[in-house]
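We begin with a single chain expressed as structure tokens, specifically the form predicted on its own.
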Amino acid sequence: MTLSKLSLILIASSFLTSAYAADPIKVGLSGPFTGGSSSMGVSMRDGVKLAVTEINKAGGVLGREIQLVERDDEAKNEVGVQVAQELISKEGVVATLGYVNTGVALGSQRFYQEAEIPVINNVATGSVVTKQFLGGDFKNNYVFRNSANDTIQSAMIASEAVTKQGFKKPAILADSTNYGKLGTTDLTAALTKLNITPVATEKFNIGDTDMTAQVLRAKEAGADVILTYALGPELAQVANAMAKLGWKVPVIGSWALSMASFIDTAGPNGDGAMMPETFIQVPSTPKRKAFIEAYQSTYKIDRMPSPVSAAQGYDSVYLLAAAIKQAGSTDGPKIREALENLNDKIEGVVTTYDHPFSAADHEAISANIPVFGVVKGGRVVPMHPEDLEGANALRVKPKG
């Protein structure tokens, strides 16, 4: 072989190596971008995209850009299953971010578990989401989360209603999805610990537009407070039914009461609704201020449709990027191991993540992080402003 031919081969090989090294890192993004859950899904997606843009501008991860592969799961379990299989088999993603709806998560994430590909739930809150593959035949768990699970939220709701505000006759109104059913179970258990039994437990379906019958039964049962586990559109109909009946009692529920689809559809009837929040659209830290301004500038919008979803989506990207960087690889088991042993502190919008996960704990958010928000004048504001001031502005997960 002549020297010139050898040189050409080496040059061609160099080009191939460079091209391979520059291949993007494919990351799945699954959520409901249409339909009743879309205010959460779109906000989550937009938060994720903001973070990806920032990381790519800074050089990417391992010298490679992150490439999002977006799919609309429509908040439907069967669509979520199809999306998961496509992202894994056809697109070859190294991880997936998303899952807004608990039912979709529970139906879909088994495919990631089997393929040993990490998935970070950045909105879904069902308490069993990260426990689905513990023990048994599963040596390792590939499901992580950076949202406040329903065990945390239900305890906060019950404590606020009973211990802090003194109500003794709560009624629970929840939807018939896995989210509503599991939330009702957690909420009932939290009330039991406080020696309180709900005077009524009412259900409704996704898409129902008249909750008068359920609200009337709660009223006739003597309820002094309404506790909710449902999504924005149906929650708005609960508030509207209460106004129709001229019945004024407080509404305290899961973070979904902060959705734009609740606030806008309920209008003045939604004012006063209270909910736990990991993030309220208030620039209480420099990181939050920068995030809010970037979101508003990029998407030409003042109020985020679902601030919690946007912030948690944004943070999930930085957690995944840190794991890939630490692993030095896009291999699923190595990313999982890195997530469980993150060395670097990650400054997020919700919190600063300092060893947020371990092999035994895949929940990044602890009970001390969320605070209560309240709907006022078409926005969610801190129920207790002092919760986001001074030393309280940034709450972090305890170590150990």
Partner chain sequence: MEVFLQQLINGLTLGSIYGLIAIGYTMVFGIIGMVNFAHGDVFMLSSFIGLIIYVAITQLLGLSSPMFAFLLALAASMVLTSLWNWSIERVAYRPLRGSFRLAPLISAIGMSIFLSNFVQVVQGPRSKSINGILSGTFNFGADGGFGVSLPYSSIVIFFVTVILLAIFWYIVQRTPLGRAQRACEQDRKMASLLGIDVDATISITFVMGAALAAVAGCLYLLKYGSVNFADGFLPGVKAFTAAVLGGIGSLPGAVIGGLLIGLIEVFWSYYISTDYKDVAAFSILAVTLIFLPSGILGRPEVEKV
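Residue numbers count along the first chain shown, from 1. What you see is a predicted model, and the numbers here were worked out from it, not measured in a lab.
Below: the form predicted in complex with its partner chain, not depicted.
Engineer: Out of 275-283, 131-139, 156-164, 216-224, where are the residues with a heavy atom within 4.5 Å of its partner chain in the predicted bound form?
Structural biologist: Heavy-atom contact with the partner occurs in 216-224.
Engineer: Looking at 325, 289, 168, 244 here, can you tell me which has any non-hydrogen atom within 4.5 angstroms of its partner chain in the predicted bound form?
Structural biologist: The option sitting close enough to the partner is 244.
Engineer: Considering its partner chain in the predicted bound form, which of 358, 53, 352, 34 comes within 4.5 Å of it through any heavy atom?
Structural biologist: Only one listed residue qualifies here, and that residue is 34.
Engineer: Quick one: 70, 107 and 256 and its partner chain in the predicted bound form, is every residue within 4.5 Å by at least one heavy atom?
Structural biologist: The answer is no; none of 70, 107 and 256 reaches its partner chain.
Engineer: Within 4.5 Å, heavy atoms only: does residue 212 come near its partner chain in the predicted bound form?
Structural biologist: Heavy-atom contact with its partner chain at 4.5 Å: present for residue 212.
Engineer: When the contact criterion is heavy atoms within 4.5 Å, does residue 89 count as touching its partner chain in the predicted bound form?
Structural biologist: No, no contact at 4.5 Å.
Engineer: Are any of the heavy atoms in residue 61 no more than 4.5 Å from a heavy atom of its partner chain in the predicted bound form?
Structural biologist: Answer no; every heavy atom of residue 61 is more than 4.5 Å from its partner chain in the predicted bound form.
Engineer: Check residue 240 for me: does it contact its partner chain in the predicted bound form (non-hydrogen atoms, 4.5 angstroms)?
Structural biologist: Looking in the predicted bound form, residue contacts with its partner chain include residue 240, since a heavy atom lies within 4.5 Å.
Engineer: Using a 4.5 Å cut-off on heavy atoms, what residues in 274-305 are near its partner chain in the predicted bound form?
Structural biologist: The stretch touches the partner through 305 alone.
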